[in-house]
Each structure stands twice: as C-alpha cells, then as structure tokens.
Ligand code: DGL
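Coming up is one lone chain in structure tokens, specifically the form predicted alone.
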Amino acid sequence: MDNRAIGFFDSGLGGLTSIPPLFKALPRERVIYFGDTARTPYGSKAVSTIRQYACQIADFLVSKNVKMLVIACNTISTTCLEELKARFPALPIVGIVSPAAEKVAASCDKTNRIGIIGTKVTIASGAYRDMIRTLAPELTVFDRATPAFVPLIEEGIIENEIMDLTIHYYMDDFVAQNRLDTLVLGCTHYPLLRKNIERLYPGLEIIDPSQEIIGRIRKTLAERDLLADESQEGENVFYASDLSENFTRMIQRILETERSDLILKFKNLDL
C-alpha cells in the first residue's frame, strides 16, 4: 500500500477530464495535477519544445514525491512517453494512447469505420492509427487533426454556436465521406465536446481515452502494491502555470462539485 499522490499532467485543463473517473473508480487515491495553461496549446508546437516542457513538468511532479505519473495528454503521450520512462526508470508512467487503442481493438470489428480526432502533433504521429492497426489489422481507421478545438475549450467556449460551427467545419465531411460509426476523442480536452458531438452526430459511438486510462492506472498500482489503503486522507492539489479564473471555473465544472479538498496553486515553469 502507498498513500502518496498520483501525479497527473497535461498541456492545459484537458487532463482534468480523467480525474472524475479516477475518483469514482479509486476513491482513496489523491492527485497532484499540473496544467501548463500558460503555454497551451501544445498540439501545434515543435516536438522538441513539447519534450522540453514535458520534462520540466515531470521533474516538478517527481519533486513532490508522487508514486506514479499519468500523462493525461495525447500530444505528450505520443511524443514523450518513452523519453520520460527513460528519465524515471523506477517510476510507473502511464500514457493515454494505448488503453484507448486496446479498447478500439477489443470493441470493434471489420464492419466498423473508425475515426480519430486530435491535435496536429497527435495525428501526425500516427500513434493511434498505427497501434490500432497493430492490434487489429482488419479494422478501418481514419484520422483528422482538429487544432482549433483546444484553444476554444481553454477559453471556455464550448456550449455555443461558435463551437458548433467549428465542429461542423472539421467533422461534417470527415464523418460523411468516411461513413464513420465510431469516433475516438484523441485529445483529453475533447470529452468536454462530447455532448456537442453526440447532438450533432447522434449515430456515432464515442470512445473516450480519458475514461479508458483508468483501468490501466488501477492495474499498474495493484501490480506494484501502490494502491492507497483505507486510512487515506488528504488534499488534492491542482497546479497551473497560469492560474486563471477560467482554469478555476473549469475545475469546478469538470469535477461537478465544489469539493473542500481541492487546493489550487500557481507554479511558473517558464524556460
């Protein structure tokens, strides 16, 4: 048993979408989260820059004595996972891509037509497409970069006409021309658009990596005897490189409660 916190990080607030399913599945666990809200979005940046930022954040979380690192960001997972594992060989590190790819492979067959949306870096990496095809070569997979979604979400522009128009712009042809029936939300920000997407494209089956990663976290903690015990108590701490009003508001919105054990802090990790 291990009562230390789990370290989560993301380019901004998207990784917060993994926290409610974690609290539901593993209510004894605590979280230290870092969102790089001052430097988001990462999805259009150079890979070398993303790696530099990711190492800075990981170093900070490791300095807080976390028992695990969870890369709650598809862009970082597709570019930095192996580098971070080499940097911290004794620390369990979980990326978000493989659990979702395994879900697709397990739940779809050759009759399905699967779409993946994500940032430019995630889609250019081909990580989802290649992993799904490795696990299930018979599956038909398409992908498309949707780079405007993250900055709009970070600004809180979600349930309005601007976001719906942006979704239509990226997805109408993508869904229709490829006759999609399944959609992978290949960015942890995108679950915040799930209701919009389900309303605009009601026939799509949605696969959410923010949900799928929880099983991998639980399995890794159990295998290493790192699960928190029954006496676990403590605060959940959320750091941001720009502790804006919107970040605070989105934490409350995503967690759907005003919890007394949530501590918000500012941490500048500028280069």
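The structure displayed is predicted, hence computed values, not measured ones. In this text, residue numbers run from 1 along the sequence as written.
The discussion below concerns the form predicted together with this ligand, not included here.
This ligand in the model of the complex is approached by residue 42, whose closest heavy atom lies within 4.5 angstroms of it. Heavy atoms of residue 122 reach within 4.5 Å of this ligand in the model of the complex, making it an interface residue. Remark: residue 11 counts among the residues lining this ligand in the model of the complex, judged by a heavy atom distance of 4.5 Å or less. In the model of the complex, none of the heavy atoms of residue 127 sits within 4.5 Å of a heavy atom of this ligand.
Here is the short version: of 100, 116, 192, 150, the single residue with a heavy atom within 4.5 Å of this ligand in the model of the complex is 150. Comparing 234 to 242, 198 to 206, 62 to 70, 42 to 50 against this ligand in the model of the complex, the single stretch with non-hydrogen atoms within 4.5 angstroms of it is 42 to 50.
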